[in-house]
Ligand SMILES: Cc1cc2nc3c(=O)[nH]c(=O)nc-3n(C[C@H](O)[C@H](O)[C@H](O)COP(=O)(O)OP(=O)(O)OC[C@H]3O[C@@H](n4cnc5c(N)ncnc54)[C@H](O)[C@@H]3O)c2cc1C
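Just the one chain here, laid out as C-alpha coordinates, in the form predicted alone.
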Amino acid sequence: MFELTELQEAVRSTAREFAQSMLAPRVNEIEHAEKFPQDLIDAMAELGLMGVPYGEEYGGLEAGLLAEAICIEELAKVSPSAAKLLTVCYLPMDAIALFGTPEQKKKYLPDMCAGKDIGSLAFTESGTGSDPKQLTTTAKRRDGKIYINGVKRFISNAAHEGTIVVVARDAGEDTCTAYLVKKFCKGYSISTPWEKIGFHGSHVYDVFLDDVEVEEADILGGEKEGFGLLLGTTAIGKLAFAAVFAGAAEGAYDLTRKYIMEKMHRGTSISKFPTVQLRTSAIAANTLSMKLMLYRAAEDAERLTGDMRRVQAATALAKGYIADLSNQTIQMCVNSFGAYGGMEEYNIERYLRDSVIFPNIEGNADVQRLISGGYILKKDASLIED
(Lines give C-alpha, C1' and ligand atoms only; values in the text may rest on other atoms or scores of the structure.)
Protein backbone atom coordinates (compact mmCIF):
# COMPACT_ATOMS: atom_id res chain seq x y z
CA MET A 1 0.00 0.00 0.00
CA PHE A 2 2.86 2.39 0.84
CA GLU A 3 5.48 2.17 -1.86
CA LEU A 4 8.08 4.74 -0.91
CA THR A 5 9.79 6.99 -3.43
CA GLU A 6 13.55 7.06 -3.77
CA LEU A 7 13.67 10.30 -1.75
CA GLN A 8 11.48 8.89 1.02
CA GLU A 9 13.66 5.79 1.20
CA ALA A 10 16.75 8.00 1.41
CA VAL A 11 15.23 9.96 4.30
CA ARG A 12 14.41 6.75 6.14
CA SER A 13 17.89 5.34 5.58
CA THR A 14 19.57 8.56 6.73
CA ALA A 15 17.38 8.92 9.82
CA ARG A 16 17.84 5.26 10.74
CA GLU A 17 21.62 5.43 10.38
CA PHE A 18 21.78 8.63 12.44
CA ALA A 19 19.59 7.09 15.15
CA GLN A 20 21.61 3.90 15.36
CA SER A 21 25.10 5.34 15.08
CA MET A 22 24.77 8.71 16.85
CA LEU A 23 21.70 8.66 19.09
CA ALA A 24 21.85 5.11 20.43
CA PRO A 25 25.29 5.44 22.09
CA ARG A 26 24.22 8.68 23.77
CA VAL A 27 20.72 7.87 25.01
CA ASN A 28 21.72 8.06 28.69
CA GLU A 29 23.52 11.36 28.09
CA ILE A 30 20.43 12.76 26.37
CA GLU A 31 18.21 11.59 29.23
CA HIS A 32 20.33 13.45 31.82
CA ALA A 33 21.45 16.50 29.83
CA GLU A 34 20.44 19.96 31.06
CA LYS A 35 19.77 20.82 27.43
CA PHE A 36 19.65 18.60 24.35
CA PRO A 37 23.22 18.32 23.00
CA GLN A 38 23.85 20.95 20.34
CA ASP A 39 26.24 18.74 18.39
CA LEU A 40 23.43 16.24 17.79
CA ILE A 41 21.19 19.05 16.54
CA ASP A 42 24.02 20.17 14.25
CA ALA A 43 24.37 16.61 12.95
CA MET A 44 20.64 16.36 12.22
CA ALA A 45 20.82 19.64 10.34
CA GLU A 46 23.87 18.58 8.35
CA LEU A 47 22.04 15.41 7.29
CA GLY A 48 19.00 17.44 6.21
CA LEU A 49 16.70 16.10 8.92
CA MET A 50 15.81 19.56 10.26
CA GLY A 51 14.24 20.49 6.93
CA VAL A 52 12.70 17.28 5.57
CA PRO A 53 9.33 18.66 4.40
CA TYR A 54 10.36 22.22 3.52
CA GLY A 55 11.26 23.78 0.21
CA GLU A 56 14.70 23.42 -1.32
CA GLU A 57 14.90 27.20 -1.69
CA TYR A 58 15.07 27.38 2.13
CA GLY A 59 17.59 24.59 2.49
CA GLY A 60 15.03 21.85 3.02
CA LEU A 61 14.71 18.48 1.30
CA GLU A 62 11.15 19.10 0.03
CA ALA A 63 10.43 15.43 0.74
CA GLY A 64 6.87 15.83 2.03
CA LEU A 65 4.91 14.87 5.13
CA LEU A 66 5.19 11.11 4.75
CA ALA A 67 8.97 11.43 4.71
CA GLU A 68 8.74 13.70 7.77
CA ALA A 69 6.68 11.08 9.62
CA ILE A 70 9.15 8.33 8.64
CA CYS A 71 12.11 10.44 9.80
CA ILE A 72 10.54 11.15 13.21
CA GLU A 73 9.48 7.52 13.55
CA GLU A 74 13.06 6.31 13.01
CA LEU A 75 14.43 8.69 15.65
CA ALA A 76 11.71 7.77 18.14
CA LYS A 77 12.57 4.07 17.92
CA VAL A 78 15.85 4.92 19.63
CA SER A 79 15.13 8.19 21.47
CA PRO A 80 11.59 9.55 21.76
CA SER A 81 13.17 12.66 23.33
CA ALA A 82 15.23 13.38 20.20
CA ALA A 83 12.16 12.79 18.02
CA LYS A 84 10.10 15.16 20.18
CA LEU A 85 12.76 17.87 19.95
CA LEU A 86 12.70 17.65 16.15
CA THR A 87 8.90 17.59 16.13
CA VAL A 88 8.75 20.79 18.18
CA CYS A 89 11.26 22.41 15.81
CA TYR A 90 8.88 21.61 12.97
CA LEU A 91 5.87 23.31 14.66
CA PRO A 92 6.98 26.95 14.17
CA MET A 93 8.44 26.03 10.79
CA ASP A 94 5.05 24.67 9.73
CA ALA A 95 3.40 27.86 10.94
CA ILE A 96 5.80 29.98 8.89
CA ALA A 97 5.63 27.72 5.83
CA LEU A 98 1.82 27.68 5.87
CA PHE A 99 1.03 31.25 6.93
CA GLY A 100 4.18 33.35 6.59
CA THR A 101 4.78 36.08 4.05
CA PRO A 102 7.49 35.48 1.43
CA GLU A 103 9.73 37.80 3.43
CA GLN A 104 9.14 35.87 6.67
CA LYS A 105 9.86 32.56 4.99
CA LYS A 106 13.13 33.86 3.57
CA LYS A 107 14.10 35.38 6.92
CA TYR A 108 13.41 32.41 9.19
CA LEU A 109 13.25 29.08 7.37
CA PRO A 110 16.85 28.86 6.07
CA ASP A 111 18.35 29.20 9.57
CA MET A 112 15.78 26.79 10.97
CA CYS A 113 16.53 24.17 8.32
CA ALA A 114 20.24 24.65 9.06
CA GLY A 115 19.76 24.06 12.79
CA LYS A 116 20.93 27.58 13.66
CA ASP A 117 17.45 28.61 14.87
CA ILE A 118 15.76 26.13 17.25
CA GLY A 119 12.11 27.07 17.26
CA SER A 120 9.19 26.77 19.66
CA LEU A 121 5.44 27.32 19.57
CA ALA A 122 3.88 29.00 22.62
CA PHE A 123 0.12 28.70 23.00
CA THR A 124 -0.53 26.65 26.16
CA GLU A 125 -1.11 28.45 29.46
CA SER A 126 -1.90 27.29 32.98
CA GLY A 127 -5.61 27.78 32.32
CA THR A 128 -5.91 26.51 28.77
CA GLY A 129 -4.55 23.88 26.46
CA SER A 130 -7.24 23.89 23.79
CA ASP A 131 -9.42 27.03 24.00
CA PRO A 132 -8.01 30.29 22.57
CA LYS A 133 -10.73 32.30 24.35
CA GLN A 134 -9.13 31.38 27.68
CA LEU A 135 -5.80 32.99 26.82
CA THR A 136 -4.53 35.50 29.35
CA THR A 137 -1.35 36.46 27.48
CA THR A 138 -2.24 39.67 25.67
CA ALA A 139 -0.82 41.81 22.89
CA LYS A 140 -1.57 45.50 23.24
CA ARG A 141 -0.72 48.43 21.02
CA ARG A 142 0.95 51.33 22.76
CA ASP A 143 2.80 54.30 21.31
CA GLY A 144 2.89 52.76 17.85
CA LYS A 145 4.35 49.48 19.11
CA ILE A 146 2.91 46.11 20.14
CA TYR A 147 3.72 44.72 23.57
CA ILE A 148 3.14 41.14 24.69
CA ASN A 149 2.61 40.25 28.35
CA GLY A 150 1.81 36.90 29.91
CA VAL A 151 3.05 33.44 30.86
CA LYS A 152 3.15 30.37 28.61
CA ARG A 153 3.34 26.87 30.08
CA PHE A 154 5.06 23.59 29.11
CA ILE A 155 6.98 25.13 26.21
CA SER A 156 9.52 22.79 24.61
CA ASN A 157 12.86 24.04 23.21
CA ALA A 158 12.38 27.29 25.14
CA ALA A 159 15.97 27.26 26.41
CA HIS A 160 17.47 27.03 22.92
CA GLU A 161 18.33 30.20 21.00
CA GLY A 162 15.92 30.74 18.14
CA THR A 163 12.42 31.89 17.22
CA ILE A 164 9.27 31.32 19.21
CA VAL A 165 5.80 31.74 17.73
CA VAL A 166 3.72 33.32 20.50
CA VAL A 167 -0.07 33.26 20.30
CA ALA A 168 -1.61 36.11 22.31
CA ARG A 169 -5.10 37.45 22.84
CA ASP A 170 -5.80 40.77 21.16
CA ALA A 171 -6.35 43.20 24.05
CA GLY A 172 -10.06 43.73 24.67
CA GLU A 173 -11.06 41.16 22.04
CA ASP A 174 -11.98 37.47 21.85
CA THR A 175 -9.54 37.05 18.96
CA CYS A 176 -5.87 36.15 19.05
CA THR A 177 -2.81 36.82 16.90
CA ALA A 178 0.47 34.96 16.39
CA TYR A 179 3.79 36.78 16.60
CA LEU A 180 7.37 35.85 15.69
CA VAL A 181 9.58 36.57 18.71
CA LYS A 182 13.31 36.05 19.20
CA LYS A 183 13.97 34.08 22.37
CA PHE A 184 15.94 35.92 25.05
CA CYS A 185 15.01 39.31 23.66
CA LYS A 186 14.27 42.03 26.21
CA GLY A 187 11.37 40.83 28.38
CA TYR A 188 11.76 37.11 27.54
CA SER A 189 12.74 34.74 30.33
CA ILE A 190 12.11 31.13 31.31
CA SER A 191 11.59 29.08 34.44
CA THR A 192 13.69 26.15 35.51
CA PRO A 193 12.64 23.04 33.58
CA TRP A 194 9.61 21.16 34.85
CA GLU A 195 10.41 17.83 36.50
CA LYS A 196 8.36 15.23 34.65
CA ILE A 197 7.92 11.49 34.35
CA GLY A 198 9.23 11.06 30.81
CA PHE A 199 10.91 12.77 27.86
CA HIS A 200 13.80 13.60 30.17
CA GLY A 201 15.94 14.72 27.25
CA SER A 202 13.35 17.18 25.97
CA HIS A 203 12.65 19.78 28.64
CA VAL A 204 9.61 22.03 29.01
CA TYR A 205 9.52 25.45 30.65
CA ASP A 206 7.27 28.30 31.59
CA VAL A 207 7.99 31.27 29.35
CA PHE A 208 7.60 34.73 30.87
CA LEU A 209 6.82 37.62 28.53
CA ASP A 210 7.20 41.03 30.15
CA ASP A 211 6.49 43.87 27.73
CA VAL A 212 8.08 41.96 24.85
CA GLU A 213 8.10 44.41 21.98
CA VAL A 214 7.13 43.31 18.47
CA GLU A 215 6.32 45.10 15.23
CA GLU A 216 3.79 44.73 12.45
CA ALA A 217 6.34 42.72 10.46
CA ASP A 218 6.39 40.15 13.29
CA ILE A 219 2.70 39.28 12.93
CA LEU A 220 2.37 35.80 11.48
CA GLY A 221 -0.71 34.85 9.49
CA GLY A 222 -2.53 38.15 9.88
CA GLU A 223 -3.88 40.15 12.79
CA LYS A 224 -6.71 38.41 14.70
CA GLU A 225 -6.10 35.25 12.66
CA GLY A 226 -4.25 33.32 15.35
CA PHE A 227 -6.93 30.66 15.77
CA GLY A 228 -6.85 29.77 12.08
CA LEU A 229 -3.07 29.58 12.24
CA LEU A 230 -3.31 27.22 15.21
CA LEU A 231 -5.79 24.96 13.40
CA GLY A 232 -3.55 24.65 10.37
CA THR A 233 -0.28 24.31 12.25
CA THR A 234 -1.51 21.79 14.80
CA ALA A 235 -3.16 19.72 12.08
CA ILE A 236 0.33 18.98 10.77
CA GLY A 237 1.82 18.94 14.28
CA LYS A 238 -0.51 16.14 15.37
CA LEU A 239 0.87 14.02 12.55
CA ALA A 240 4.43 14.61 13.72
CA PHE A 241 3.61 13.74 17.32
CA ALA A 242 1.76 10.61 16.19
CA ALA A 243 5.02 9.61 14.49
CA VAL A 244 6.85 9.99 17.81
CA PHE A 245 4.32 7.70 19.51
CA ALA A 246 4.31 5.09 16.75
CA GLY A 247 8.10 5.09 16.58
CA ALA A 248 8.40 4.68 20.35
CA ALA A 249 6.10 1.65 20.23
CA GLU A 250 8.20 0.13 17.46
CA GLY A 251 11.36 0.73 19.44
CA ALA A 252 9.80 -0.99 22.46
CA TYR A 253 8.67 -3.86 20.23
CA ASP A 254 12.22 -4.32 18.91
CA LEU A 255 13.64 -4.48 22.45
CA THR A 256 10.91 -6.87 23.53
CA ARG A 257 11.39 -9.27 20.63
CA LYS A 258 15.17 -9.33 21.24
CA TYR A 259 14.67 -10.04 24.95
CA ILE A 260 12.18 -12.84 24.30
CA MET A 261 14.42 -14.49 21.72
CA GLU A 262 17.39 -14.45 24.12
CA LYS A 263 15.71 -15.20 27.46
CA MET A 264 15.98 -18.82 28.58
CA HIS A 265 13.93 -20.69 31.16
CA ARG A 266 15.07 -24.16 32.19
CA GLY A 267 17.06 -24.48 29.02
CA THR A 268 14.22 -23.40 26.74
CA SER A 269 13.73 -20.04 25.03
CA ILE A 270 10.66 -18.31 26.42
CA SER A 271 9.75 -17.59 22.77
CA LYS A 272 8.42 -21.17 22.72
CA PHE A 273 5.83 -20.45 25.43
CA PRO A 274 2.27 -20.00 24.06
CA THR A 275 1.42 -17.14 26.43
CA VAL A 276 4.53 -15.25 25.31
CA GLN A 277 3.66 -15.87 21.66
CA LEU A 278 0.11 -14.60 22.19
CA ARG A 279 1.29 -11.37 23.83
CA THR A 280 4.01 -10.80 21.24
CA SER A 281 1.53 -11.29 18.41
CA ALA A 282 -0.74 -8.63 19.94
CA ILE A 283 2.22 -6.25 20.33
CA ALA A 284 3.20 -6.78 16.69
CA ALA A 285 -0.37 -6.25 15.47
CA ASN A 286 -0.69 -3.02 17.44
CA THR A 287 2.65 -1.74 16.19
CA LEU A 288 1.77 -2.47 12.57
CA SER A 289 -1.66 -0.84 12.86
CA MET A 290 -0.09 2.34 14.25
CA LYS A 291 2.41 2.48 11.41
CA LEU A 292 -0.29 1.99 8.78
CA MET A 293 -2.56 4.64 10.29
CA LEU A 294 0.35 7.07 10.57
CA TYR A 295 1.33 6.63 6.93
CA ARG A 296 -2.28 6.93 5.76
CA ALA A 297 -2.74 10.15 7.75
CA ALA A 298 0.48 11.54 6.25
CA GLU A 299 -0.70 10.72 2.74
CA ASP A 300 -4.09 12.32 3.47
CA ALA A 301 -2.40 15.47 4.78
CA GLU A 302 -0.36 15.75 1.57
CA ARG A 303 -3.21 14.86 -0.78
CA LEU A 304 -5.87 17.06 0.84
CA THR A 305 -3.92 20.29 1.30
CA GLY A 306 -6.86 22.33 0.04
CA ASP A 307 -9.20 21.00 2.75
CA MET A 308 -7.53 21.86 6.05
CA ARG A 309 -10.58 20.84 8.08
CA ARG A 310 -10.39 17.32 6.69
CA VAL A 311 -6.63 17.23 7.23
CA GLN A 312 -7.17 18.30 10.83
CA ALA A 313 -9.78 15.56 11.32
CA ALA A 314 -7.55 12.91 9.71
CA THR A 315 -4.51 13.77 11.83
CA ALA A 316 -6.64 14.10 14.97
CA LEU A 317 -8.07 10.62 14.36
CA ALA A 318 -4.56 9.20 13.97
CA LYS A 319 -3.09 11.10 16.92
CA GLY A 320 -5.84 10.08 19.34
CA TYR A 321 -5.71 6.43 18.30
CA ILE A 322 -1.93 6.11 18.19
CA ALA A 323 -1.37 7.97 21.48
CA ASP A 324 -3.55 5.58 23.46
CA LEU A 325 -2.53 2.42 21.63
CA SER A 326 1.17 3.20 21.89
CA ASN A 327 0.90 3.65 25.64
CA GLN A 328 -1.01 0.35 25.98
CA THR A 329 1.39 -1.52 23.70
CA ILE A 330 4.50 -0.30 25.50
CA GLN A 331 2.95 -1.45 28.79
CA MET A 332 2.55 -4.90 27.22
CA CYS A 333 6.21 -4.79 26.21
CA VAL A 334 7.29 -3.95 29.75
CA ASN A 335 5.20 -6.84 31.08
CA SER A 336 7.01 -9.17 28.67
CA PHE A 337 10.22 -8.49 30.60
CA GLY A 338 8.69 -9.54 33.91
CA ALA A 339 10.47 -7.94 36.87
CA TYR A 340 13.29 -6.82 34.56
CA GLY A 341 10.88 -4.45 32.82
CA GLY A 342 11.27 -1.90 35.60
CA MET A 343 15.06 -1.92 35.55
CA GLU A 344 16.91 0.95 33.85
CA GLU A 345 19.56 -1.45 32.57
CA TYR A 346 17.03 -3.05 30.23
CA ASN A 347 15.96 0.32 28.71
CA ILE A 348 12.32 -0.67 28.19
CA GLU A 349 11.12 1.30 31.24
CA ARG A 350 12.25 4.52 29.54
CA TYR A 351 9.71 4.00 26.76
CA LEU A 352 6.97 3.45 29.32
CA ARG A 353 7.85 6.66 31.17
CA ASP A 354 7.72 8.58 27.92
CA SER A 355 4.44 6.98 26.83
CA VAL A 356 2.52 7.98 29.95
CA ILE A 357 2.09 11.51 28.60
CA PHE A 358 1.35 10.52 24.97
CA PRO A 359 -2.45 10.95 25.27
CA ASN A 360 -2.07 14.45 26.71
CA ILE A 361 0.43 16.31 24.53
CA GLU A 362 -0.38 18.17 21.31
CA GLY A 363 -4.06 17.85 22.16
CA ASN A 364 -5.75 15.48 24.58
CA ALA A 365 -6.62 12.14 22.95
CA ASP A 366 -10.31 12.45 23.82
CA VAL A 367 -10.41 15.94 22.30
CA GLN A 368 -8.88 14.49 19.12
CA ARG A 369 -11.69 11.94 18.95
CA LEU A 370 -14.22 14.74 19.33
CA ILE A 371 -12.60 16.64 16.45
CA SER A 372 -12.56 13.65 14.12
CA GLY A 373 -15.96 12.37 15.22
CA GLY A 374 -17.57 15.77 14.70
CA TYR A 375 -16.14 15.96 11.19
CA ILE A 376 -17.20 12.44 10.26
CA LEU A 377 -20.79 13.01 11.38
CA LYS A 378 -21.15 16.38 9.64
CA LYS A 379 -19.84 15.33 6.22
CA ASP A 380 -21.22 13.10 3.48
CA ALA A 381 -18.06 10.98 3.41
CA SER A 382 -16.18 9.47 6.32
CA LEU A 383 -12.41 9.69 6.77
CA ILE A 384 -12.17 6.01 5.87
CA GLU A 385 -13.27 6.66 2.30
CA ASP A 386 -11.09 8.29 -0.35
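Throughout, we count residues from 1 along the sequence that is shown. Quick caveat: nothing in here was measured; it's all calculated off a predicted structure.
Separately, the form predicted in complex with this ligand exists; it is not shown, and the next lines address it.
Checking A76, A252, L294, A122 for any heavy atom within 4.5 Å of this ligand in the model of the complex turns up a single hit: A122. Contact annotation: of the candidates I148, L180, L109, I155, the single residue with a non-hydrogen atom within 4.5 angstroms of this ligand in the model of the complex is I155. In the model of the complex, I361 approaches this ligand with a heavy atom inside 4.5 Å. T128 belongs to the set of residues with a heavy atom inside 4.5 Å of this ligand in the model of the complex.
Taking the partner from elsewhere, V204 is found to have a heavy atom lying within 4.5 Å of this ligand in the model of the complex.
Using a 4.5 Å cutoff between non-hydrogen atoms, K105 does not count as a contact of this ligand in the model of the complex. The stretch among 278 to 286, 196 to 204, 221 to 229, 294 to 302 whose residues place heavy atoms within 4.5 Å of this ligand in the model of the complex is 196 to 204.
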